[in-house]
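We begin with a single chain expressed as structure tokens, specifically the form predicted on its own.
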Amino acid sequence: MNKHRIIKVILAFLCFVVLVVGVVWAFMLFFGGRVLKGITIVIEQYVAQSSVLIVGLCIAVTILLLKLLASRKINHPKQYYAIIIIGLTISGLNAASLLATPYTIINTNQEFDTAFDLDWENSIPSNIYKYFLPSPYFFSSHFLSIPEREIIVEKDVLFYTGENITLYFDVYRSKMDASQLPGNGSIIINLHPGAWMSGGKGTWNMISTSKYLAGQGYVVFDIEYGLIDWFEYAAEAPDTPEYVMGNFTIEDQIRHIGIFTNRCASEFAATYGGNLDCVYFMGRSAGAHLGGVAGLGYNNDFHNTTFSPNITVKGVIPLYPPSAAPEFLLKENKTTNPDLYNAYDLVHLADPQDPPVLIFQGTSDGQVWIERVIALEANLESKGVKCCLVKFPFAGHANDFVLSSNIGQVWSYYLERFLYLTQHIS
């Protein structure tokens, strides 16, 4: 076998490997890690965001295969055309997330129409729109990046020492006068994911979003909370800092968040130019649950001494949120202490005095199932809470990592509008 033929065989093999990856990616787009579980729970977090890349690769290797096997077109036409059909089919399936983008936009517009009235877009002043994304999605932006404004980032600021742990936060804020920007110094308390037992601030909490919002005049506090060291989960985040691990429960984690709100009200808001009259809780996965408890429960009798009374919560932003705490992560279970369980259940905490809620959720999420999030939205609305669900077909867990993707662009477009609208709700 000559060198030329060896190279062709190797290239053909690599092309088939790419197509096999395309099949796996397509399966994950439609079903996430819900069916196979295991490592697929982790893989699904990258699938929808990279699907456009996979489409391009599958089309490219299909064309390359056709070039490599051109000689078979005459003697083996069925094999030749089968490659065309297989390659285009795999490419088409991987394009599902991109092609579903118009559905997400239409559906989210309807959600905003219901929550904020049909004229909500016209209630945003024209001078504010220059800071916003002009459209929910531009295909060209998919391969570039969303422009960032100059910001100030301060990392590893200590806010709590005790219980054999230390807790820090990173803060993101604009270099410009925040009063001239849409955020006007509004505070966003950002809570990281990690199944209550892993993860941390920074990389695992979508720094790109924190930077983007800081550029719009929000003061974003990316904070740590004590993690549960006696619980293990299949999708544990690597590089979890040891200094936050302890013999905790979810009650302790909420208490740590409450400690931050009190330090924020007494010190950090003034230091970093934050507006205590306009505070948001944002979180992802486990952090979404904790943020929901804080945002919906700060005015609940059970939590009335936990959070600072000097903050005004204007909105809650849970991304792929569990609606309730796992019973075994509380000090007592639902049977022995139903009041305790209900105090960490978002639906039970909800009441008409609670601020609006904006939920991010993918339909192929294998960790937080879409059916449960749809039920959460319906139950919150039945309790009198304004709620918008930004639903992404074919997206899995943690699919908001890349802001320039179709998912990231749509999410950013509605997130910035939600934040502005809720600032001005009395």
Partner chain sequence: MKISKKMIKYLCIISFGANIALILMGIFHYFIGLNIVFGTSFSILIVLSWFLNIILIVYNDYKIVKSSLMGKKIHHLGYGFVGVNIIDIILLVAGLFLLNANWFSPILQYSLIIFGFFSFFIYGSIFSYLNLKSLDKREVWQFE
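Note that the coordinates shown come from a computational prediction; the quantities given were computed from them, not determined experimentally. Numbering follows the first chain given and starts at 1.
A second form of this protein, the form predicted in complex with the partner chain, is not displayed here; the remarks below concern that form.
Only one of these stretches, 351-359, 144-152, 113-121, 328-336, has heavy atoms within 4.5 Å of the partner chain in the model of the complex; which one is it?
In short, 144-152.
Any chance L36, Y103 and G215 all have a heavy atom within 4.5 Å of the partner chain in the model of the complex?
Result no, not one residue of the spot touches the partner chain.
Name the single residue among L57, L389, I41, I370 that comes within 4.5 Å of the partner chain in the model of the complex, judging by heavy atoms.
None of the others qualify; the residue that does is L57.
Given that the partner chain is left out here, which of M28, V61, V385, L376 has a heavy atom within 4.5 Å of it in the model of the complex?
Exactly one residue meets the criterion: V61.
Going by a heavy atom distance of 4.5 Å, is L133 a contact of the partner chain in the model of the complex?
Yes, L133 lies within 4.5 Å of the partner chain in the model of the complex.
Do T271 and the partner chain come within 4.5 Å of each other in the model of the complex, heavy atoms counted?
Contact check for T271: no, nothing within 4.5 Å of the partner chain in the model of the complex.
Could you confirm whether Q49 comes within 4.5 Å of the partner chain in the model of the complex, counting heavy atoms only?
Judged by the heavy-atom cut-off of 4.5 Å, Q49 is in contact with the partner chain in the model of the complex.
Would you check, heavy atoms only and a 4.5 Å threshold, whether I86 touches the partner chain in the model of the complex?
Outside the cut-off, so no.
In the model of the complex, which residues of 198-218 put a heavy atom within 4.5 Å of the partner chain?
In sequence order, G202, T203, W204, M206, I207, S208 come within 4.5 Å of the partner.
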